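Only one chain is included here, represented as structure tokens and corresponding to the form predicted alone.
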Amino acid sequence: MQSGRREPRLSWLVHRVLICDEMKLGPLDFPGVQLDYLANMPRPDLLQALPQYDALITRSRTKVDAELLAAGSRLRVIGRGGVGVDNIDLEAASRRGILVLNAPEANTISAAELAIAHLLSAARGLTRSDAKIRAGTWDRKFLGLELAGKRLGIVGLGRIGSSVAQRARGLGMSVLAYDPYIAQLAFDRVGAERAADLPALLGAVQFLTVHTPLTEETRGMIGSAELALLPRDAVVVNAARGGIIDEPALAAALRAGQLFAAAIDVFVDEPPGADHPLVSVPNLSFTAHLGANTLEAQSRVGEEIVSRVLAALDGDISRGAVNAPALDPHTKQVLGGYLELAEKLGKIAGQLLPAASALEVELCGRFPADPAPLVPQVLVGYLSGVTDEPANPINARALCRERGLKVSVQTCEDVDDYQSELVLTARTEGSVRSVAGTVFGRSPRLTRLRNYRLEVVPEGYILIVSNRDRPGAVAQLSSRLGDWGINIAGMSLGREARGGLALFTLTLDDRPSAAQMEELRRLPVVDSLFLVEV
């Protein structure tokens, strides 16, 4: 294990890499590479040394801001050991053409094993019994729960959630999972049944663990109402992010005897104060945000990020890319409007069908330059709303593969009505959503939704409504929106034939509330209604 400091050597080698933060590392001798481990460098020393290096590897301590990036005149790659890249100015790095990498998979096993350990500990009262023995009480009356034969509910079936599912099945549990953004293939891989929605999952499991990122959508997603849906004497574990499970609600459910036990590795505010509502609850066990804290995980972090940085310096940028260096100015200038269109089509498809199992991209007609860069931009747009991992043109295909999302690309020479058209079709076994667009001058336009021809500027909030082609549909929706003070900025209409099926879009200045959307869906003139934000 390499642990000491050493001064940078001045010999000229192919690649020169500086590790400036503490991490566990394997051997640092690589042919053709000067790799210097100078942990905890003071910032002035780092600024002075950085111009000598092609790559920089950090953890969370070093703030890689615009000043540091400017000092690294030779920098081509920055590696972040671990997952988060909050300490790195991604936009500034991208502008300078510097690739940023991370190693998010390194702690998957450790985090999954901790969640399983908490399930077992909470079910058998391990910390409760330990505390009593230390206090001088020998209590053999406590009755725990077995995991075998029980159903585990998993909210979030990404890397860690999938790993938990596999381990739970090895303990004899069945698994029911809820993740609207994961394709069915990912459920099949780990032997998990798919829950239709969160309430359906909560009412059918005896154990619950959450493995989602913390976003505005997931913050407090397990609150009082959700905990009440769990069977009495259920076990709840949060080893993901503090705040996914509402902390006061969990404390109240435990004190009321609604739950058998719970276990927490993460808090909203860390460390929690002595007056935190969870700290004094007896049937609750804690760890101090230890999901990634194993010798093996920490070793993998160091080894993986070094491996990825060296591969990137040799031209392999397929693993761990967090950002994407900017396109060359000429390509960006020529394809600018199409790049914007591609990302917006992806975003729309991601909102219309977030759990797609296949994406089909069609490049039709004559584009002003090689349209190949449009494909990864479509994937970036799609992934932006369905995953917490930063998607970019470099890592987009790899993220799609991880999610069980198949991507295919076709080209066609002819296109009706336009010189060029970009078409994106998202599919599941039972659903298909298709959206197409082109560019007028440098301005993107939607040209087709499903099989309906229309023309829409893709910006703001777009209400997509299908109905029978009869008078009054647009007027009724417009009237309701007007009553609510929601301005209509634009409208487009497409239909199959007079009196048949029709589809129209209303571009809105403001987002209708969930209650308003439900009211619109109940209108007799509406067959289906979606809202997308672009």
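Keep in mind it's a predicted model, so treat the numbers as computed, not measured. Residues carry their position along the shown sequence, with the first being 1.
The form predicted in complex with a small molecule is left out here; the points below concern that form.
- Proximity to the small molecule in the predicted complex, defined as a heavy atom within 4.5 Å, singles out one entry of G84, P368, P373, G223, which is G84.
- A single residue from the set R255, R189, H289, H276 has any heavy atom within 4.5 angstroms of the small molecule in the predicted complex; that residue is H289.
- Heavy atoms within 4.5 Å of the small molecule in the predicted complex map, among the stretches 484-492, 52-60, 467-475, 66-74, onto 52-60 alone.
- The three residues K344, S357 and R433 each lack any heavy atom within 4.5 Å of the small molecule in the predicted complex.
- Though the partner is left out of this view, R308 does not reach within 4.5 Å of the small molecule in the predicted complex, counting heavy atoms only.
- When the small molecule is considered in the predicted complex, S121 lies well away from it, no heavy atom lying within 4.5 Å.
- Using a 4.5 Å cutoff between non-hydrogen atoms, N323 does not count as a contact of the small molecule in the predicted complex.
- When the small molecule is considered in the predicted complex, R448 lies well away from it, no heavy atom lying within 4.5 Å.
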